[in-house]
Structure formats: C-alpha cells, structure tokens
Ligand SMILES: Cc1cc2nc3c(=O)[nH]c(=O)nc-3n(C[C@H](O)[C@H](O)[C@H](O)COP(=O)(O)OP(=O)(O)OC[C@H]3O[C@@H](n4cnc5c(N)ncnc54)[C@H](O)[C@@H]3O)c2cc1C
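Okay, so here's just one chain, in structure tokens, the form predicted alone.
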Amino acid sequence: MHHVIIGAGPAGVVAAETLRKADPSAKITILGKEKEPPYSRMAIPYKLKGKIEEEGMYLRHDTEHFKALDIDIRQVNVDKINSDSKTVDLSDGSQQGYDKLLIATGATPLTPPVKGMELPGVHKSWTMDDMRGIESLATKGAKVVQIGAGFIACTNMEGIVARGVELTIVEMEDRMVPRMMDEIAGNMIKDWCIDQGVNVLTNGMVTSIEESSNGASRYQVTVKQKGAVAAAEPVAEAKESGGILSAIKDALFGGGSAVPETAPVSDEVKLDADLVIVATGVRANTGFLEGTDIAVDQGILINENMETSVADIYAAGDCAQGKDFSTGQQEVHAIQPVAVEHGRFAAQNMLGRSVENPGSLNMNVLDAVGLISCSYGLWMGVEGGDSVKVVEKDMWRYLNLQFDGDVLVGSTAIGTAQHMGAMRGLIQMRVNLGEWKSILMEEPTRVMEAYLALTQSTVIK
C-alpha cells in the first residue's frame, strides 16, 4: 500500500506518522513544496523574538526523524491530480502514483487589492521566507505598519513588538480579532495593545502603499477611515484613557498639547513605514484541483471519514471543509490543533478503519503582547439562548458564557486562563449542567467548579 500525502505541514506530518505506526510495511511519501523541513508557522513569533533559531521551528527536531520512520519527503509541487490513473503530476515533470491520497495543502494568505503590494518592503507573515524578510526590516526603531488584526496578525504581533519597532496596526472592522471576539473582548484587546505602546487604527482600510518622498521612512501608507471620528473630547482626557482617539490624533498631528480640542479629524491618515506586513486572512489551497471531480466550496468538502467526493482521496487541515462540532455544518477551521486532529482521523480512515470525526471545535487561544484570551465554540451565542458576562476592564479580565438550554455551547475569556480548560471540556462533552446552569448564571467564575462537579462527582458547596 502506497500512501501519498500532499502537504508537509502539521496535518500531513501527523497523518504520515500515524500511518507508519499502524502499518510498518506501507510506503509513505510526503510531497511538500517548501525547501525547508516540515515546520510550524505558529513558531514564527518565537523566532522573531529571538527565542529560537530556525531549526526550532521544525515540527520534528531530530534531523533523522523521517528517515528513521522510512517516510520519504520530496520537495516538489503538485500540479494536477489524475484520479482515474491514481497519479499526480509534479512540477519537476514526473508523476507519482498512489493507492490512497491525502490532500493537506494548507492555506495561502490573501492579498488585498491595494496599490503597492508588490513593493519589496511589503511582506506577508506565513512562510519562513516571509519571516526572514520581516526580520531584515523589523529592526529597532523601524516604523512598521501591519494590515489586519485577526488571529494570525495578533499571534505574530508580540514577536514584532519585541524587536523594538514602532508598530501601527490597521484593521477594517471595529475591533481586533473580530472573527473570534465580540465587541467588548475585541476592544479590550485593542486597548491593551495601545497600553503596551502599539498604535491601533480600527475602522480603517489601507488604500495605497507608496514610496515615501519625505525622508522619514521608506514608504507612506494611506489609510481611509470608515467614518469621521468625533474630536470634541479634550486631548488630555483622550490620552489618559489610552483610547483610539489619542492614537489617531497622534498619527495625524504628532501628539502633544498643541492639538486643539475641536480639531477636525481627517478620514484619511498617512502613516510612515519602513516595513508593511500583510495579515488579512487566508484561503484554502485548492486551485490545483480545478478540472477534477473533487468537490470544493470554501475548502475541500469532506465527510466524517475525511473522504472527499472522489474515492481513495482524503483531505485534512486548513484546506479541508469538514464537520463543525457545534453546528454540524461544514466549515474550514484554519488552526493548527484542528490540522493535527484531521491528520490523525484521515490516517485512520486511509487504513480502512472507518473512524468518524465528531466534528472540530472552533477554538482560538491568543497571546496578544502578554494578554491571554480564548474563544470556544459558539462564542457569539445562539438564538434564544442565555448568556452571562463578567467585565472587569480595569483588571483586563472578561468572561462570557453562552448557553443553549442547560448546555454550555460557547465561551470567551480574557485574562482568566484558569477557566480555559474547563470551558472547553464542558462544551466538547455537551454536559447537561442541571442546577449548575443557574449557579453559573449568577457566578460564571465558578465554571471550574462546575466542570469538576459534573465530570468527577464533586459535591456542590
């Protein structure tokens, strides 16, 4: 049996290792297009901070790991899948045959339609080559503009800030990480970042990146604000609050008490930049599947057994659109824990064991310049469901629990890491809370007690 895996990321590597453990005699080939050994993109912030060397980013640190497992890794791109002949066309002109095929091609960063994206100082933050480009320009004192404040952007932010740069983040939505945090949480993270010295412009869209002629920086980035910002608030008060008004005024007028209290705030901001980082989301790598019978929507459609619409072809990771644990609908969850989970399930099914994936939980855990936050499941709530919130802005803490009947279905937490495991456990186990529902509605911070009581028969006190 020859298992071929397209993609050398976490999903592909875990699938290969799972296959090898179960079948010592199988032939296993990984096809990966990048020149480096398999590595984790989630390690980029640690490399930017200088905590690890490039080798520390590798998924397996033993240089002989894959050789010892008799897993062949070929650094070549796949141009086409021929399901009738069970072969794939490779970029070096050769073909690779397979018995079972796993597509784990991951995702590609989106490129917004903005003038100047091709300039040499504009980098995405996805590959090791991207990281090297960022490292070369994100030197102490450099002016850096990052487009986007989603999960990837905020994950990499700490590494960038640690390099001593002047960082400005531009986000189109009204808050940071809008796809994983509600308005309270997203704005709390924004205020925290501003408090840490990061300039954050929400409700802003970058319209152009041009070479600068003012001598202050390499580029000038034009940001269009979605709406005029009221400027009636006194400058001193705005600065004390650390709010967005202060950040915008500083960007426009250079800060200081010389700014009049009623100065008009332009809906266009010019930002100096030596480096521009683009982090505006990703899309599944499925373009090479055009012309095949493999069904694709937002990603490659798969069933509970990780099978695509074509026999003996499976998909896993960021490129796969599989069952969502909370809704039962097919969703793309482009996060590493899901990729690892997918890889294991796919391998089991490639071995013919028919192991169904119950669905992947939408989950995000984020460290935004030292502020830990998470969101799980249906964090935005369900129609007709109950919810409870605890907001302690002065303490940088927030807890939001979402219920469907007496089942916890979603949660958000900031600055309260001790609750994270309990919330995830209750959601994934679909525990009927019973009398604990009313207790949590009154005292949501007792979620750990609820978890222990309901899973380990602890008596309520």
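Source: prediction; values computed, not measured. Position 1 is the first residue in the sequence shown; the rest follow in order.
Below, we refer to the form predicted together with this ligand, which is not included among the displayed structures.
- Contact label in the model of the complex: residue 33 to this ligand, heavy atom within 4.5 Å: Yes, residue 33 is a contact residue.
- Message: Although the partner isn't part of this model, could you tell me whether residue 419 comes within 4.5 Å of this ligand in the model of the complex, counting any heavy atom of the residue?
- Response: Contact with this ligand, no.
- Message: With a cut-off of 4.5 Å between heavy atoms, is residue 15 one of the residues that contacts this ligand in the model of the complex?
- Response: Judged by the heavy-atom cut-off of 4.5 Å, residue 15 is well away from this ligand in the model of the complex.
- Task: Classify residue 155 as contacting or not contacting this ligand in the model of the complex by the rule of any non-hydrogen atom within 4.5 angstroms, answering yes or no.
- Result: Because a heavy atom of residue 155 falls inside 4.5 Å of this ligand in the model of the complex, the answer is yes.
- Task: Check each of 357, 203, 285, 83 and return the one that places a heavy atom within 4.5 angstroms of this ligand in the model of the complex.
- Result: Of the listed residues, the single hit is 285.
- Interface residue in the model of the complex among 128, 117, 162, 76, criterion: non-hydrogen atom within 4.5 angstroms of this ligand: So the residue touching this ligand in the model of the complex, by this definition, is 76.
- Could you tell me which stretch in 371-379, 303-311, 175-183, 332-340 has residues with non-hydrogen atoms within 4.5 Å of this ligand in the model of the complex? Of the stretches listed, the one contacting the partner is 332-340.
- Scan 94-120 and write down, in order along the chain, each residue with a heavy atom lying within 4.5 Å of this ligand in the model of the complex. Residues within 4.5 Å: 104, 105, 106, 107.
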